[in-house]
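Shown here is one chain on its own, the form predicted alone, set out as structure tokens.
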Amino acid sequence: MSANGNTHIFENIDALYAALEEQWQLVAHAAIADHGAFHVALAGGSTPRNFYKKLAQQSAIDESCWHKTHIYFGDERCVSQDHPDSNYRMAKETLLSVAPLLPGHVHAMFSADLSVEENVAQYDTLLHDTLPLDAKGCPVFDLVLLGMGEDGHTASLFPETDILHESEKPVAAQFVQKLNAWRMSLTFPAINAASHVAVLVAGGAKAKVLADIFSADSNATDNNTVVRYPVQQVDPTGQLDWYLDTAAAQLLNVQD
């Protein structure tokens, strides 16, 4: 077994959510103590959706922490914010309408009133103006939540797309041919500048790809460059944690 970061495997999804909630709280309190705010980028998908519901149930416990929390998005479909496919709509329905966040602390990634290019430029400016910056001038999230698709994509970083090669901008847009749709996404420079990154993977449908990703042979080509699956390019300067259920991890040779 070979993969970057720490691997955590849980018997059921509720145990996974409980551990991730604990990590969320730890990172949030540490970030607020360090620089007065908690900057977190949310993931889309069914596994994060149900985590947000769990998180919302506990949101009233630490109101002062939520007041210093800023919510961003790791990626977004270029649709209106009330569209059924919108990650913003999903997050709003499950978490944002429940948690005691302050006005102006939820930063939607896409607005249908602007062009794709204008949305990218606006979000780029927002990230640079609101988040701490590293030595290279890249915005630094305290926590980035990611999922993984059955093709190994994460956020909207799909195989064989140009956005995978973005090396400077923290956010970019990509037309995904197989989906016939535009997506916006944080890029690898932004993801890998984060202080903490958590990758959530659940379900047996992702077991084979996950096994490939954790295989030493598939993690590198002859020149040791990770290329097979986009999620393999997640390699933050901060802490990386994989949160897996037993169904997703069934083909892995690893003990937690």
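Please read these numbers as outputs of a predicted model, since none were measured by experiment. One-based numbering along the sequence shown.
There is another form of this protein, the form predicted together with a small molecule, and it is not shown here; the text below is about that form.
A heavy atom within 4.5 Å of the small molecule in the predicted complex is found for one listed residue only; from 148, 144, 109, 171, this is 148. Considering the small molecule in the predicted complex, the lone stretch of 24-32, 58-66, 186-194, 42-50 in range is 42-50 [heavy atom distance within 4.5 Å]. Taking the partner from elsewhere, residue 70 is found to have every heavy atom lying beyond 4.5 Å of the small molecule in the predicted complex.
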